[in-house]
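Listed next as structure tokens is one chain, alone, in the form predicted alone.
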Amino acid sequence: MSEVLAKDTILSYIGSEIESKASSVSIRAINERGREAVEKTAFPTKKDEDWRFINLKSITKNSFVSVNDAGVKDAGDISGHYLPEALNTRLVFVNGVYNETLSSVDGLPKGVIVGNLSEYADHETVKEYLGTITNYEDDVFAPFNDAVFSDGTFIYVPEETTVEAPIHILNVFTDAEKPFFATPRLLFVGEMYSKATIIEEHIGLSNNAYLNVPVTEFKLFSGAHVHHARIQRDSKTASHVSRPIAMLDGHAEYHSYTICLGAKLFRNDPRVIQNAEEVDFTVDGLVLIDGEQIADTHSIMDHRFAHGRSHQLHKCVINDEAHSIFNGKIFVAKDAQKIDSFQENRNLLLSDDGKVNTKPQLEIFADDVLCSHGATIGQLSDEEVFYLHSRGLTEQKSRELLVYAFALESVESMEVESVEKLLLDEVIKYTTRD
């Protein structure tokens, strides 16, 4: 790798030294590995193919400091963000730091672990899998998380165990005197034929600028089943760059649903890796953006073995001068026969100044597969608006109803009733804004 100048790396945007604060030897080893990678990896620019549509000023115009140096404010009462179904299966992180007082993990099934990652850093499963699933080539953000994190979530579900209540990972970010960075971390390991629902939320309590760089790693053994909802409601001046990745053994199911509502810049690179035959996974998304927001999804559905099923429906609603980017790849290896994969990106433009760039991709090296992809970009149908208007609705209400109907399919995928209601309220709020 060619030499990278310090001014070209992410370190030039961090106003404090990156040093490991982890108490665990194993986490410190990951920190050191991440630091070395960060120093060798250039910060992306528009000259890089995967970043050519993105304006990165929300990151480059700030000098981010650690939470300890930012003068962060207290979170206050956040009980309104708790899920009633997860009152005893909740972990709370304030500005990336675990808060034991606000968390509650009582009454879990025998053998299930839902806890602070640093507390379980020496657990055999953590040592084996933490930092081994993440694989992003020529990327600076995953190594940055590696270099900085000392805290996070560890979830372990034993063989043939079902966690009935959803596990709620609540990341809240408060106001601060200076822009800061946070590096949430999540490691989930589901043993054979285990089952769990994970609700991962990122919520900005104020309108301040910060850089949120979460990394989530999922390892699912044979027959494991996970429903993973990711809800991003960061501050509208924050930057959120996430790296969620899942590795599935045979007959495992992983169904992921990402909802993007906040952040000035949202970059999401979900990856699912088929690690054996007979897997089933979903990588759906819903984006509701306005103002000058940017939402960019670069996904990879990686089929490496035969007999796999995958699904991706990525819906975007764009208003004002907002900008949506989608680059989704279906990859099928040479011997991965009998793959059934679907991918579609649907975009609804509500303004003349909004922008959409979409690029669904197929990279197939097997010959006995059923793979399809597509993309649509359109506006509200005048005929549909007129029809509803003729049935007694105002023109504005007609448009709101059509946007609501467009988003409804994604929201209905939620398995937790309170989460579905929350998202429906957010859709209504978006469609009825001034």
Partner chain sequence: MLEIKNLHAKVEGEDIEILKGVNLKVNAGEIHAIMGPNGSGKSTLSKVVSGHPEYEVTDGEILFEGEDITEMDADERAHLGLFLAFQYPVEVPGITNKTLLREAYNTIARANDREELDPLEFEDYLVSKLDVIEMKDEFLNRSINTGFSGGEKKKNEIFQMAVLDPKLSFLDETDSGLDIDALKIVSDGVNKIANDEKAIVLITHYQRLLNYIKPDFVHVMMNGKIIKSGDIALAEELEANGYDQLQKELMLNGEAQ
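The structure presented is a predicted model; accordingly, all values stated were derived computationally and were not measured. Numbering follows the first chain given and starts at 1.
Although it is not shown, the form predicted together with its partner chain is what the next lines describe.
Colleague: Looking at 370, 29, 408, 380, which has any heavy atom no more than 4.5 Å from its partner chain in the predicted complex?
Modeller: Exactly one listed residue reaches within 4.5 Å, namely 408.
Colleague: Since exactly one of 375, 56, 37, 388 fits, which has a heavy atom within 4.5 Å of its partner chain in the predicted complex?
Modeller: Selected option: 388.
Colleague: Pick from 29-37, 42-50, 394-402, 66-74: which stretch has a heavy atom within 4.5 Å of its partner chain in the predicted complex?
Modeller: Correct option: 394-402.
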